[in-house]
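Here we start with a single chain on its own, the form predicted on its own, put down as structure tokens.
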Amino acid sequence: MKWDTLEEEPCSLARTVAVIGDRWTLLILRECFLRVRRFEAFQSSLQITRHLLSERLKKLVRFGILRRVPYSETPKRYEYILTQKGLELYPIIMAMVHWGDTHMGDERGRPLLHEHKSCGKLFDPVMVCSECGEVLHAKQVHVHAGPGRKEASLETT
């Protein structure tokens, strides 16, 4: 696989990595889910160069993850808002946050706590089967070739 052509690979993970697979893009997405919207706010929070931030935001807009919405005419300024496609990245971001909380934390504890608005409880994100609702673990999943795969066979885990 070549980095420049990942988005063309017959692999959903490779195509996703082509869009969100660098550290700055993931941190920009974190900020979006924390309701940061404006260029200056991203730059201030992340301490990223204007050039890098501009490039990453353009890419996220190009792939339909963010949309640019003007908030000022003079000078022309934009907010970056998550689209539905972008909002659907939330489970990925939360899974990474949970992994970081579990494996990369220190004695101070979690830097952020997440509260479910409906029940008011703090929670840990979990992945469940869409069919039966049971919590999923890697060793309990079998992988099969799908219609979008080039090769007809795939070894299962």
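Residue indices: 1-based, along the sequence shown. These figures come from a predicted structure and were not determined experimentally.
Unshown form predicted together with a further copy of the same chain; subsequent notes refer to it.
- When contacts are judged by a 4.5 Å heavy atom cut-off, S54 does not count as touching a further copy of the same chain in the predicted bound form.
- Interface membership of P70, defined by any non-hydrogen atom within 4.5 Å of a further copy of the same chain in the predicted bound form, is ruled out.
- At the 4.5 Å threshold, heavy atoms of L66 stay clear of a further copy of the same chain in the predicted bound form, well away from it.
- Interface membership of M94, defined by any non-hydrogen atom within 4.5 Å of a further copy of the same chain in the predicted bound form, is confirmed.
- If you take 99-124 and check each residue for a heavy atom within 4.5 Å of a further copy of the same chain in the predicted bound form, you get W99, G100, D101, T102, H103, M104, G105, D106, R108, G109, R110, P111, L112, L113, H114, E115, H116, K117, S118, C119, K121, L122, F123, D124, in sequence order.
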